[in-house]
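Just the one chain here, laid out as structure tokens, in the form predicted alone.
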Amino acid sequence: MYTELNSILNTTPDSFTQGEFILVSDRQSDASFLMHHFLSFYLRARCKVCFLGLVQSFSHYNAVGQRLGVSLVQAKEKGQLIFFEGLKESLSVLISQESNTKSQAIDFLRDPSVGLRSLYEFVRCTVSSSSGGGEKGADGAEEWGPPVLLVDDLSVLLSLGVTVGTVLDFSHYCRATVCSQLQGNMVMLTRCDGEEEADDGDDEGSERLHRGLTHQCSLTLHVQGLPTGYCRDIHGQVEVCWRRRQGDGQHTQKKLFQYKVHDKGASFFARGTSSAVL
């Protein structure tokens, strides 16, 4: 968990805005460090977390989590974390000779026409089973705060043959359930391909997905490399954009920060305040 980022976002595990859809994106960079931050943040906040890990194994996320001071193994054992390991589930579908495998959540790999309905149902059932209010319920079982859905990363579904429209529908229904109905939070990572200047007029693939998700979310964190090129002391920059509805319109506020990722954290600098980059 990165305390400097919490200060920028004006949030703590004890006090955070509910009902938010946070979009994390990157271009020619790697924003996965932000997903590790949000995972550790919401676990510390005692939220019930549903994590769709589509790009890495559970052991990878757990190893990073330990460096950030949280144990994903313990969170799973307590029932606080439901981790969907997409790589393992995909492999079981692709090499299985039987029609019914352990999980039906990614049955779109067998039949693309079914879309992401089963994956959404997995999310809905997982987040709906969470409850808040106290440390323990009447039966002695743990009770958790508002549910949180994390997806790392959504754009992987495009490479598996899912259309952009289907992915946007999936995120829309997840937002309606998690953020609106249950007043929980949602954090999704998506990756943008290629140079930003070359994307004008491109209405396909990851760029279209990114634009569609941007219209749905209330907060975006977009990570990209430095415009000046490689720097040993600064790894890149992140643009933070808040979107709030005011009256009949929408108010947008943007701030740009430079960052450096450490083994056990990350440092953030307001643009121009780091001596490493002019």
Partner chain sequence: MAAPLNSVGKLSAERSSFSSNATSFQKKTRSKLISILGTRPSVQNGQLLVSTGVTSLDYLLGGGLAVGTVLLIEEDRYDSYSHMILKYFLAEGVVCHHELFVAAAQHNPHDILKELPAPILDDVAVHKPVEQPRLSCDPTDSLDSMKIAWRYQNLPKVQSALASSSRFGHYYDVSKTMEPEILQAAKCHCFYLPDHPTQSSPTHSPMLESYSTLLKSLQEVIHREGFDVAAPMSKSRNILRIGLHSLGSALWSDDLSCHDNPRHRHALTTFLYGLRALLRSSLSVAVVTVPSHLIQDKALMGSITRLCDNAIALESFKGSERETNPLYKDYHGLLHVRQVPHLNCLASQLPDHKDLAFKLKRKQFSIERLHLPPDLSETVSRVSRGEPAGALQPVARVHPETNTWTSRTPTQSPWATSTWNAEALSSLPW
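Positions refer to the first chain, counted from 1. Rigid core here is just the name for the largest C-alpha set that superposes within 1.5 Å across the two forms. Nothing here was measured: the structure is a model prediction, and the numbers come from that model.
The form predicted in complex with its partner chain is left out here; the points below concern that form.
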| property | result |
| --- | --- |
| Options 165-173, 73-81, 120-128, 185-193; stretch whose heavy atom lies within 4.5 Å of its partner chain in the predicted complex | 185-193 |
| Arg211: touches its partner chain in the predicted complex, heavy atom cutoff 4.5 angstroms | no |
| is_contact(Gly145, its partner chain) in the predicted complex, heavy atom dist at most 4.5 Å | no |
| Distance check, Gln224 to its partner chain in the predicted complex, heavy atom within 4.5 Å | no |
| 4.5 Å heavy atom contact, His60 to its partner chain in the predicted complex | yes |
| Contact residue in the predicted complex, chosen from Leu150, Cys179, Leu116, Val156 - any heavy atom within 4.5 Å of its partner chain | Val156 |
| All of Phe33, Ser90 and Leu160 within 4.5 Å of its partner chain in the predicted complex, heavy atom check | yes |
| Rigid-core frame, C-alpha of Asp111, shift of 2 angstroms or more between this form and the one not shown | yes |
